[in-house]
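As a starting point, one isolated chain is supplied in structure tokens, in the form predicted on its own.
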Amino acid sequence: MNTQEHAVGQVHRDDISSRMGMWLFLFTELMLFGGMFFLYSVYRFTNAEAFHIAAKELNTLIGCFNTAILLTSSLTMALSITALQKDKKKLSIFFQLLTIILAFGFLVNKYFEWATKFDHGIYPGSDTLLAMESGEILFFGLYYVMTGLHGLHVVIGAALIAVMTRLTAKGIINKDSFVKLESAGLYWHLVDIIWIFLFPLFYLIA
């Protein structure tokens, strides 16, 4: 085997290792949220009526809008990878930046949604929340923890994509070496999938 063939083989093995590492990481993330979904299911089963009442405080329209934003961002992320594979560097960068903008839009909507709840006195430890039934307190406790953790993942995902955009602009990520961008895309798709579960659990049970 000559030097060039050895280098190609080494890169191929590194790509496989990187993909396997990313899938293992995503599995741990699924375990984390899976545990919280299970906890939610138990509490909802034992406090069904209270959960229905509490869910009426949430804005379903904003939830739908955020769902549309994240689904669109998954599309733009996938398009960025496809564009790079076709050696369309500028187009790939455009779609990556668009994904980041959509992530920012999601976070802005979430900020205003949380701000509205705070204005209504519905936040952890508030007198208004503590005056509610235990089931409603549990609902909002889960709401803030789960959507807050998801929001943190959105921030991390957007920052990760920004790094990939910079690497793409420098040519480090290119049509022959795009595993890093592909891994970032997998992480972003996971963020979107988690929201697809969060949306009906919190917004559509009223």
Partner chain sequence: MHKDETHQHMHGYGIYILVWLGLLTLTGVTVTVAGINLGAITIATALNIASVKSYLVLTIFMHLRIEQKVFRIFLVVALFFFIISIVLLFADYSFLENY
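Just so we're clear, the structure is a prediction, and the values are computed from it rather than from any experiment. Residue numbers count along the first chain shown, from 1.
Just so you know, the form predicted in complex with its partner chain exists too; it's not on screen, but the next bit is about it.
**Student:** If you check in the model of the complex, is Thr67 within 4.5 Å of its partner chain, heavy atoms only?
**Tutor:** Taking the distances in the model of the complex, the answer for Thr67 is yes, it comes within 4.5 Å of its partner chain.
**Student:** Is there a non-hydrogen atom of Ser134 within 4.5 angstroms of a non-hydrogen atom of its partner chain in the model of the complex?
**Tutor:** Looking in the model of the complex, residue contacts with its partner chain do not include Ser134, since no heavy atom lies within 4.5 Å.
**Student:** May I ask you to check whether Thr82 falls inside a 4.5 Å heavy atom distance of its partner chain in the model of the complex?
**Tutor:** Contact with its partner chain, yes.
**Student:** Just to confirm, Lys90 within 4.5 Å of its partner chain in the model of the complex by heavy atoms?
**Tutor:** Result no; Lys90 lies far from its partner chain in the model of the complex.
**Student:** Where, among 165-173, 150-158, 24-32, 134-142, do residues come within 4.5 Å of its partner chain in the model of the complex by heavy atom distance?
**Tutor:** Result of the contact check: 24-32.
**Student:** Go through 26-63 residue by residue and record those having a heavy atom within 4.5 Å of its partner chain in the model of the complex; state none if no residue qualifies.
**Tutor:** Leu26, Phe27, Leu30, Met31, Gly34, Phe38, Ser41, Val42, Arg44, Phe45, Thr46 sit within 4.5 Å of the partner.
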